[in-house]
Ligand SMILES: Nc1ncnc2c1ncn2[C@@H]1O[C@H](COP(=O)(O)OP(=O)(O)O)[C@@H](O)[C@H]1O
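Consider the single chain below, provided in structure tokens and representing the form predicted on its own.
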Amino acid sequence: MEKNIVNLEINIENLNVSIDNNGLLKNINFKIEKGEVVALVGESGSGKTLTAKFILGILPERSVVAYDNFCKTQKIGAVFQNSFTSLNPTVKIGNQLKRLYQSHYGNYGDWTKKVVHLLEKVGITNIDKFLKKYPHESSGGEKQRVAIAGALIADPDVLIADEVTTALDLKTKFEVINLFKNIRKELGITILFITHDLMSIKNFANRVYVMYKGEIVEENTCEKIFLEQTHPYVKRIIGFSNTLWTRDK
């Protein structure tokens, strides 16, 4: 038990969150250990992103929050759905990453070395040329990789990826999953992967939490959750995901 406590990156016990008198998160118990990939799965509105925002400390001011225990690592990076849209269209990509580096470290230091290293890790090629591009001169996939690299600049212990595969075709979706697999392998980072698509985390996540109407209704290893489910909602989405998987193959 002592070892598990030491290795915990995030630990939440009995979290409840209400906004405008609406109970949106109910009795959430959630933990991530160092080096894990943990998936948080559920339909839109189930409370996944709200949980991530609680971890990051960016809930709306009108939120009413109660919990028995909450601890987290000091450095957490995050990539949200379509986060690349925050890139300034009038500033070259290299200058934006340079400014981001400066915002974390207070100086420009070895920003080029750091940024080149991270862009290599996320699969960007011809980096010298790429840094001189404006965002509109790169593809959507490239901009998404820039957003991931930007989230890694501060060397976070945990990277939260929130719906980063949404609206992608099956091929591109698994390219992104493989990218996160490589990031985990190369950088040794802990990952919280938030998605509505259970199949996207198969053979990727270590453990899975499933959320439904603001509650965690199932938790299991990634392997076991595809074999056995107890909650009707989880049974339904597993069956639906298997149907889509078979059809798309």
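Please read all numbers here as calculations on a predicted model, not as lab measurements. Start at 1 and count along the sequence shown; that's the residue number.
There is another form of this protein, the form predicted in complex with this ligand, and it is not shown here; the text below is about that form.
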Choose from 200-208, 39-47, 184-192, 64-72 the stretch whose residues reach within 4.5 Å of this ligand in the model of the complex, heavy atoms counted.
-> 39-47
Would you check, heavy atoms only and a 4.5 Å threshold, whether residue 238 touches this ligand in the model of the complex?
-> no
Quick one: is residue 35 in contact with this ligand in the model of the complex, heavy atoms, 4.5 Å cut-off?
-> no
May I ask you to check whether residue 60 falls inside a 4.5 Å heavy atom distance of this ligand in the model of the complex?
-> yes
What residues, if any, in 135-158 have a non-hydrogen atom within 4.5 angstroms of this ligand in the model of the complex?
-> none
